[in-house]
Structures are given as structure tokens and as C-alpha cells.
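Before any questions on binding or motion, here is one chain by itself as C-alpha cells, the form predicted alone.
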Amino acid sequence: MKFRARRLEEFSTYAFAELDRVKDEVARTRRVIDMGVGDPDFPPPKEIQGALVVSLGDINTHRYPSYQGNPRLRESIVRFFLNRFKVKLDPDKNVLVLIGSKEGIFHFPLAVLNPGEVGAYTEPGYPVYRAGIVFAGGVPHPIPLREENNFLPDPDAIPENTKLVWVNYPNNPTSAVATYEFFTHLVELAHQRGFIIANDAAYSEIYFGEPPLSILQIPGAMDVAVEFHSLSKTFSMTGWRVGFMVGNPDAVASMLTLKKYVDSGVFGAVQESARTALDNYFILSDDIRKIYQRRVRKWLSALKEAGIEGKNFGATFYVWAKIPENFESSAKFCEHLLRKTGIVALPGSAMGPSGENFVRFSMTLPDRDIEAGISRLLSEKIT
């Protein structure tokens, strides 16, 4: 007997099993330098760790948390948003604490999308956008990101009957940053057509120049938009699983209703640590940004010397690079790169068809590994 729902069928195949096989093969003879995964390689600041330890001594920390999130953490989120984006939120109406932004991103379509309704999403992009729409019974509609438009989607390409639109800025994998004009056009369109915008802003605090915008800074956005934030990348807390959703009060309330049946909230000690992180944001985040900025610049320089065109638009810890013209696909180039240098990159096609002919390098590994990667890249002929 088989116990497997049909809805899992389109998610059951892994197109890059061959690349994993090559990785295992290469690892038998040399150390692999894995730039494929975006998982910070250093721990959160000690202030955040200390807050966790202290809160463990409080008996209330170990009881069921609030579904909506600790009121003190929600107040910290409100202060953070006011200081960072100059947007005023109501902690009871506009804020919901999440078990990491991934959980919220996957569940959000279940809260706002009816079966058969269209959910649009940008691609290449985080596969969870499409998965959440599909599991909610929605109709997924990809909107390609093109290099000639600086990897911003054309809002006019959104189908007329769309009910949900996912965007992700700063963008993974391209590192593109949304402009005020783009967000304004999107918000205006949402008002005209009656859809909800969801911006995945997980990388909003990993930037190297002008701070990226929140979509909620756009006039009228609170009526038609929500935004998902994560402490994972900002404070190296990927394993802690804490993030938050902010924005339209009806959408937040719908999500809260759903979550009451899905989970029991974030562990209290983790919420206290998140509060410490956000309350000390301007002190703790700058050093983390500098680490990624240094790594990104070094890798871009090495790629240029190796004859590969790389891009970073001033945000995220990713470098988005074009594959050389003599390779038929991003997967083939990644296999070649791995065999020649022991460096793992993510094929752009892994994040959607529009990612073909590009690869993503993640700068979330120790400096010594990046230096070793640069040495291998420049000593081997890979183009």
C-alpha cells in the first residue's frame, strides 16, 4: 500500500540529483567549497545568545506562547519598523510573529486564496511561493524576471484575475533591489484590481549602500500589502526559526486564524532573543553587513578576472553570474565548475526557468573558504 497524496507528485522529483552525485564524487579526492546554500556561517551576536540564556530561567518562557507573538516582541517590531522604515504599525492589528518567514510564506496562500484563484509569483525565485499556492488549491502563475529590466517584473504582466502576487525584494537569487517607482506601480495596480501583494523581505537588512525600501512605505500599501521579515539573515539566526509578518490588518487576522490551527507559536526564549536583536538593530547589524560586503566584492573581482560576468545590486549575500556562452545550461556549467575547482554553485534553473543561463554563488562560508575558492577559480581554466 502507498500512503502519498497526489498533491505531492509535482514536488517529488529533484532535477539536480546528478549534481549531488558529482559533489559526492569530488568530495572523495578534494575538499568541496559549497557556495550553493545561503546559510550564514557565523553565530548570532553574543547579546542575542545571552538573552536566550537569561530567559531560560523564567518559568513563563516554557509555557505555551501567544499565537500572535509575545506582546513585547510585537512592540519591538513596531519600534524597529518606525526607526528603520518610518512606518507606524499597530502591534495588535498589523503584526504577527512567525516560526521563521518560510512558515509564513508557505501558509499565507491558505489564509487568503480560494481554490481555483490565481496566485502570481516572480521567478526565478524561492520555490516555496509556488508550493504554497499549489497546496492552497490556487493556480500558480510565474512572472519572469529579465536582466534587461534589472530583474524587476512587469506589473502589467500580472493576469487580470489574480488574487495574490508574491514579490521578493531585495531579490533571491538575483540580488536586485526594488525601486520606489516599481512598488508604487504595483500598489496602484493592486488597488485597481483588488489583489493582495506579499513581499518577501528576508534580505532587506543585508545591503551595502542605500537601505532597501519596505513596500509599506508606499502610500496606500497598507490597504493592499503585507511583508514578511526574517531574523535569519539579518542576525545569523537561521536555525532559531523566528520571523514576522506585517501589513494589512485583514490579511494579518486571516493568517492568525489559520495559525491557531497549525502551530502553537515561537518558543518564548527565542522571542526574547528576537526582541533583543531588534531593539539593538542599529548596533548589531552593521558588522554583519560589512562581512558580506567584503566577501561579495572579492568574489565579484575574482569572477571578472576569470572572465565571468557577475552581478550584485548592493543587497543580499548572493552573486548572480552569467554562465559562459560555451555551456548549454546552468546545470552543465555547475557540474563543470565542480569537477574543475571543487566549487559548488546553484544552477539558476533550480529556481525557475527564467534563471537558466545564470548561477548563484552564496557568500555564507568562512573567508578562508572564499579565498581558497578564489585561488582555485583563477588557477583553473573554466571558460
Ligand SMILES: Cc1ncc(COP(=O)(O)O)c(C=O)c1O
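Heads up: residue numbers just count along the shown sequence, starting at 1. This structure is a prediction, so every number in the text was calculated from the model and none was measured.
Not pictured, yet referred to below: the form predicted together with the named molecule.
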{"query": "Location of the named molecule contact in the predicted bound form, chosen stretch of 250 to 258, 290 to 298, 194 to 202, 272 to 280 [non-hydrogen atom, 4.5 Å]", "finding": "194 to 202"}
{"query": "Listed residue (H141, H185, K102, K163) with a non-hydrogen atom within 4.5 angstroms of the named molecule in the predicted bound form", "finding": "K102"}
{"query": "Candidate from N94, T122, N172, T234 lying within 4.5 Å of the named molecule in the predicted bound form - any heavy atom", "finding": "N172"}
{"query": "All of N168, S230 and R241 within 4.5 Å of the named molecule in the predicted bound form, heavy atom check", "finding": "yes"}
{"query": "is_contact(F108, the named molecule) in the predicted bound form, heavy atom dist at most 4.5 Å", "finding": "no"}
{"query": "Heavy atom of F81 within 4.5 Å of the named molecule in the predicted bound form", "finding": "no"}
{"query": "Distance check, Y126 to the named molecule in the predicted bound form, heavy atom within 4.5 Å", "finding": "yes"}
